[in-house]
Ligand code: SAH
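One chain comes next, on its own, written as structure tokens: the form predicted alone.
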Amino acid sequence: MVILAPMPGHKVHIKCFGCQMNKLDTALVTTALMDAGFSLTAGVKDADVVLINTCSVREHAEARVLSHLGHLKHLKRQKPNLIVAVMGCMAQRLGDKLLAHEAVNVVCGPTEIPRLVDLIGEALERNAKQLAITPEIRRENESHSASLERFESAYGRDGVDDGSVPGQAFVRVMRGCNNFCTYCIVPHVRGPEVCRSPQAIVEQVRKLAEQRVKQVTFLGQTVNAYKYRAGEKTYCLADLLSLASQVEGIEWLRFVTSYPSAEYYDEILAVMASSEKVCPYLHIPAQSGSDRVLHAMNRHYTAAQYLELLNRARDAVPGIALAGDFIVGFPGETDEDFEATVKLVRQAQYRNCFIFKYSPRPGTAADRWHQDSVPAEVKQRRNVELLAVQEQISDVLSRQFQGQTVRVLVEGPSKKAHVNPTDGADNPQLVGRTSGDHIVVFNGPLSLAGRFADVHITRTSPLTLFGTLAPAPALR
């Protein structure tokens, strides 16, 4: 495809659904669009281009996109030159079907995002439909990998007004997934595991540090599976964390999401225990506490093996904060299976966990092999019950912070006025996070956004700590 000339003057409105991987893709594309001369607009009616980054992990996520497209269809009747581009997992999954939607001009899968600016440019120029998806997504493609690496290296930087959190950035260390959990669409829309070179990753971290980024989060669908062979050396995630911790200016390192695997597990925990920069936080989804359901999900561990991994983490890193994911209502899940999940959650003592109702995904093994047999009302009841169990655990763990002073990386103004009314325009309510990913709300100057501060905790709730700025905050 011919690379088009810069397109100054065009306004783009961007809407992102889904996970942190989607947020990173959105940030990369935003930077590329702005380099091409586009400007961002918060209003759809002011836009020349509307870009939607989509998620296919659950049916509800796709339904939200289709609803959004329905509104845009009516807007396009008033603005026939409006270009609507859809990128991401839903774009890859539906392809031509999505392009046939009355509102849609451009469809671009996640492995084709280096082409997206040109696709939008051609749609603007000719008002034509454009499709870019990867036909054989489950096969590794060296050409695609090289193109994505160039795109990532060129546009993986901070400092763009894309709505990202000040002082923080994501860095992708690998793409795709090889696990093929039976419920999961990811390998079908993002392809096989491809790991980036440690040199490219560390260089990107250095550039971010030069732009005053304080926290970098390494991303991968199964980030702890990172493995890169270079000569006699095989690099794992522990090596990446160690190398990145040596970059001056970077103060906190995180990584998500981890699969419950023993490979390189102890090495990762050892780096976390020995480095003040590697945050003592581990997001490690279990998905179920029933061995029978885990087997049906094609998860390669038992509940006992999973809990043993958590015990090893607590032994290696005292005070580590743990988070998990669970699916309730997987096909065939009985009351006994669900009770096994409740038992595992109580034993795991997560700081927080994310609980979802099973949603059939076309093309996955679970959708082919199993009937969605658990009634919707049973899924809802189990979801509510498991959330209540986790809330009790989170409440107890949060109370331990009462009266303590914690260091937080300040994200900016709080989106919700939890407690404590704002103390004037110069001292609004702010939100930050601890190294263990606890949310902390307090009042302070907006100038703290993107910096560290010490906060004295005066009140707690299950998911949030509330406090006051310490008298002598440590600011950096």
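Worth saying up front: this structure is predicted, and the values here are computed from it rather than measured. In this text, residue numbers run from 1 along the sequence as written.
The same protein also has a form predicted in complex with this ligand, omitted here; what follows describes it.
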Check each of His68, Arg433, Arg58, Arg451 and return the one that places a heavy atom within 4.5 angstroms of this ligand in the predicted bound form. Arg58
This ligand: the contacting residue among Cys184, Ala132, Val194, Leu72 in the predicted bound form [heavy atom, 4.5 Å]: Cys184
Using heavy atoms and a 4.5 Å cut-off, decide whether Leu310, Asn352 and Gln390 all contact this ligand in the predicted bound form. no
Check whether Ser359 has any heavy atom within 4.5 Å of a heavy atom of this ligand in the predicted bound form, and answer yes or no. yes
Does this ligand come within 4.5 Å of any heavy atom of Arg299 in the predicted bound form? yes
Considering non-hydrogen atoms and a 4.5 Å limit, does this ligand approach Ile268 in the predicted bound form? no
Hey, in the predicted bound form, is Ile327 touching this ligand, heavy atoms inside 4.5 Å? yes
Mind telling me which stretch in 284-292, 211-219, 197-205, 269-277 gets its heavy atoms within 4.5 Å of this ligand in the predicted bound form? 284-292
Contact set, 251-283 vs this ligand in the predicted bound form - heavy atom within 4.5 angstroms: Thr257
